[in-house]
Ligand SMILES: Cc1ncc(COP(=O)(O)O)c(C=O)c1O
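Next up: a single chain in structure tokens, the form predicted alone.
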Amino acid sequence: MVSFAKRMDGITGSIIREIFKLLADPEIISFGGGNPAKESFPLETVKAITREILDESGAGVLQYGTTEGYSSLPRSYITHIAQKKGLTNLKEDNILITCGSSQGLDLTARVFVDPGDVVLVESPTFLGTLQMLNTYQAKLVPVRMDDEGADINDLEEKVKKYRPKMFYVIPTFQNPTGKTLGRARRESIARLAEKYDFIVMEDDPYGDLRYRGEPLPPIKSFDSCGNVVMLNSFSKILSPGLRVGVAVGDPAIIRKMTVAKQSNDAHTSNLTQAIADAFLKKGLLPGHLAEILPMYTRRLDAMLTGIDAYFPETFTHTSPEGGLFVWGELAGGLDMPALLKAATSQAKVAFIPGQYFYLDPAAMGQNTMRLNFSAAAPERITEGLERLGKLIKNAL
């Protein structure tokens, strides 16, 4: 057999995708994925919008489109989303519509990262991005986290030592920990990027899913030199199946990313872009968020209450103000992959062992787990945590 490209060396499938295969069993209560609740999808509204679009411009929306984005969607995003985040000086040449924010991450890496370039990442961080960066043969270096997220002192030390090309960060309701960077740290990251000249890849798919506390400005809002690229997504606030995301950056960066996208998929689906555009233009997003956020709040509260009620006292966890995940750590030794196997087969519960979110799963995160609360109703969350808590106590 012909050998694979060297960039595929060591690249394996996602543990999350493997767990999805287990979910065909209807008895399993899953805390494993990162799916938004199916009840959050505005199905009837999307049906009506789709019919309206096809009636008014069916042939046009089904034709090839521009790589930059469908007609007025970049402007609609600026008006209805970006400006509310404090990004008040954006123009359309700052915007590229992508196939979900995951494509934005990939395109940012593609236009900046050469083999051997250092990329700093939070530790732990989203494993999908770790896999993507590995395919570009980046040298990944972890940045320590504390209760507020990325440690700025450790970040600057690593920047001075490694002179990175890029820093990947999820500042709001981080995946997997649910932690949120404070305003001062966000501004510090932007200042460091300017001082030491590296790209900040700001991944912000969860920022609008805030259930408590006050919104914080994105790192991009402190960017005075054009070194911050922010990635947004409609996946968590509208529908992941639409596959519509947004990259926000300096026009020179966006032009390079546009050229890279042209050779990738030509353009994001016109129909799904038009749906997202109409949803924004009709002013539906605020009301939609007001409807779904209380539902997610109840699910988060059920998870935090259930953990406290059923898990060992030695289990510590984050208490996020939003997002989709709670991160937990168990004092003492416990084989989390083995626990997962027992959980799915015996307790009919799924979770993600936390070690997979570290650069070195064999050495880090051995006693940690990520728990998703968005995809199950409160009563199912309570039932699943009771099952899982009993299993953990027995294992200990």
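Quick note: we count residues from 1 along the sequence shown, nothing fancier. Computed from a prediction, not measured in an experiment: that's the story for all the values here.
Another form exists, predicted together with the named molecule; not displayed. Remarks below refer to it.
Comment: the named molecule is not present in this chain, but in the predicted bound form one of S102, N134, T272, T318 has a heavy atom within 4.5 Å of it, namely S102. Listed residues F126, Y77, F198, F112 were compared with the named molecule in the predicted bound form; F126 is the one with a heavy atom within 4.5 Å. Taking the partner from elsewhere, V228 is found to have every heavy atom lying beyond 4.5 Å of the named molecule in the predicted bound form. The shortest heavy atom separation between R243 and the named molecule in the predicted bound form is within 4.5 Å.
Put simply, S188 is far from the named molecule in the predicted bound form: not one heavy atom of it is within 4.5 Å. A residue is said to contact a partner when one of its heavy atoms sits within 4.5 Å of a partner heavy atom; G178 fails this definition for the named molecule in the predicted bound form, lying far away. Residue heavy atoms within 4.5 Å of the named molecule in the predicted bound form occur in exactly one stretch of 153-161, 201-209, 219-227, 140-148, and that stretch is 201-209.
Not one of R299, T368 and F373 is positioned with any heavy atom within 4.5 Å of the named molecule in the predicted bound form. Taking the named molecule as positioned in the predicted bound form, the residues of 159-181 that bring a heavy atom within 4.5 Å of it are, in sequence order, Y168, I170, N175.
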